[in-house]
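For reference, the chain that follows is the form predicted on its own, supplied as structure tokens.
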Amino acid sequence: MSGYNVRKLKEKLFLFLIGALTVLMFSPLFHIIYSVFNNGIHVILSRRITFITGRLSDGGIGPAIIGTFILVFLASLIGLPVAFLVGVYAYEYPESTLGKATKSLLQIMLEFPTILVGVFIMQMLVVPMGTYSALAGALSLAIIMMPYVAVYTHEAMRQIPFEYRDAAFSLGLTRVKAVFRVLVPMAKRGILTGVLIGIAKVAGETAPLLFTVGGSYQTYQIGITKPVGAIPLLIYTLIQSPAKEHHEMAWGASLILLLIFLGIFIPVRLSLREVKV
């Protein structure tokens, strides 16, 4: 066999190995999606509207769905602006003492146990208020969300060639205008990816909610200072029960949570066009 044929064979073997490892890497994800869909779809179809809008006593998870949306919305309202500005600051002042400290703290927060965040918020907010609340849960989720958004914002800005920054300054733009009118729009794909990952992270969090929201599933609570339910917390509660019916409801709730995530993540990702630089 000639040297050329040997190289072609090695190339094909290498590509096959890479493809096989890629499939192997994603197989757990596809298995999870299949398992959740296969076990949850019949629960939703058998109960239909009742499962989506009903209370827990009626065999539904309506309050948990509403509670999840409230918590994610409030957490995003609190955390996203702060995280975005922190990411921009870390990009703009990478060599400053505060900039270096910010990047180090962000890396620490990414790996920080989320249950400790829940304990912290419980002591700082739940205990003084004397009640669980949507506000306490949202604040704990905002703290968890912020490092993901900030790190992705920082990295997305770093991917923009430095020439665009110089071009903006040459046109007479100030630092603020150059960042927010030129660089941020060019990095929006990476920034929004961080936003989506942050939202997905907090939408599925359970540990911090154990200490903050209270878990209300029999009524639709109105007000950010009252206890609320959440789908991940409800799933955790249901699987503690020995009843088969509760396990089935947990599968159905898992599918609803998966559909909410995919319904937000996929359309937004597909609607974004990558900026060519």
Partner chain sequence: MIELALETRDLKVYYGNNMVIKGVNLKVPKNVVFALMGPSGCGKSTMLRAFNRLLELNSEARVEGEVRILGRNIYAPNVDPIEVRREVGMVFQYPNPFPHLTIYDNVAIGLKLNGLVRSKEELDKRVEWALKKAALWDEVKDRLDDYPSNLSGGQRQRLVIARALAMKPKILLMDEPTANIDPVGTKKIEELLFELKKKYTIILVTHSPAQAARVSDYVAFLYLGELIELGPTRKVFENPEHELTEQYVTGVLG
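Computed from a predicted model, the values in this text were never measured in an experiment. Positions refer to the first chain, counted from 1.
One more form of this protein should be noted, the form predicted in complex with the partner chain, which is absent from this view; the next part is about it.
Point to revise | Contact test, all of 163, 170 and 174, partner the partner chain in the model of the complex, heavy atom 4.5 Å | key: Each of the three qualifies.
Point to revise | Heavy atom within 4.5 Å of the partner chain in the model of the complex - the one residue of 182, 151, 192, 80 that qualifies | key: In short, 182.
Point to revise | Of 144, 125, 106, 186, the one that lies within 4.5 Å of the partner chain in the model of the complex (heavy atoms) | key: Residue within 4.5 Å of the partner: 186.
Review point. For the chain shown here without its partner, which stretch in 174 to 182, 192 to 200, 109 to 117, 125 to 133 has non-hydrogen atoms within 4.5 angstroms of the partner chain in the model of the complex?
Key: Contact-bearing stretch, as computed: 174 to 182.
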